[in-house]
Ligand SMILES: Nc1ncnc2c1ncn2[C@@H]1O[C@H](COP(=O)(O)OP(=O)(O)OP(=O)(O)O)[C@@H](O)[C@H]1O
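In the block that follows, a single chain appears as structure tokens, in the form predicted alone.
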């Protein structure tokens, strides 16, 4: 059953669409990577999927008991997030906010969930540390743990490896892959097309051309071949002029 179904979706701001004609669905267990040129509307789409802003047109249907409050979200890190003066445990536990509703405190089950999630992500030893004291990779694990506390079904990740060194990036991708294998559905924005075609089960390419399909279909498609080739050329060292 589809967790999210988008029909003729257009997203943007103040009634002006930046991308339109989006028709796709995300089923339980999928690993969807959203790729495309800078400014193509990837983060705008993700915020719309989270119901943080309304669509310009079209509709988003949630299924299998999923609610907007039950989606785990890891946004791009900002300087404010990096300097947030709270302990690791407090930040992870805040992921249970939607679970506790109007209660002014977290119950024993929510505290246990936070502890188990920190253990799963290997950050229990940092529980009492202040968040700004951690490295970039450690901070991303903390924020991923917070997102996991909000959901048992679906994680939305916006450039989760941005600014991380290659070794830490590899570890984080491996962790996300493990979560997907354990049954968590992943929707991830990435400029790392190599990672997208390695890990994703499906690709949504948005921009001047819109494509949705399996990873294999994307690699064989015209837009996929062009985008992959262009990315590889950008990553190559400078070549002498002919």
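Numbering follows the first chain given and starts at 1. Quantities reported herein were computed from a predicted structural model and do not represent experimental measurements.
One more form of this protein should be noted, the form predicted in complex with this ligand, which is absent from this view; the next part is about it.
**Q** Going by heavy atom distances of 4.5 angstroms or less, which of 64, 37, 178, 216 would be at the interface with this ligand in the model of the complex?
**A** Result of the distance check: 37.
**Q** Counting non-hydrogen atoms within 4.5 angstroms of this ligand in the model of the complex, say which of 198, 191, 208, 51 makes the cut.
**A** Filtering the options by heavy-atom distance leaves 191.
**Q** Quick one: is residue 76 in contact with this ligand in the model of the complex, heavy atoms, 4.5 Å cut-off?
**A** Although this ligand is absent here, residue 76 would touch it in the model of the complex, with heavy atoms inside 4.5 Å.
**Q** Does residue 159 reach this ligand in the model of the complex if we count a contact as any heavy atom within 4.5 Å?
**A** Answer yes; at least one heavy atom of residue 159 falls within 4.5 Å of this ligand in the model of the complex.
**Q** Using 4.5 Å between non-hydrogen atoms, is residue 18 touching this ligand in the model of the complex?
**A** Although this ligand is absent here, residue 18 would touch it in the model of the complex, with heavy atoms inside 4.5 Å.
**Q** Taking this ligand as it sits in the model of the complex, is residue 42 in contact with it (heavy atom to heavy atom, 4.5 Å or less)?
**A** Although this ligand is absent here, residue 42 would touch it in the model of the complex, with heavy atoms inside 4.5 Å.
**Q** Mind telling me which stretch in 179-187, 43-51, 66-74, 208-216 gets its heavy atoms within 4.5 Å of this ligand in the model of the complex?
**A** Contact-bearing stretch, as computed: 43-51.
**Q** Could you pull out the residues of 1-16 that have any heavy atom within 4.5 Å of this ligand in the model of the complex?
**A** Heavy-atom contacts within 4.5 Å come from 13 alone.
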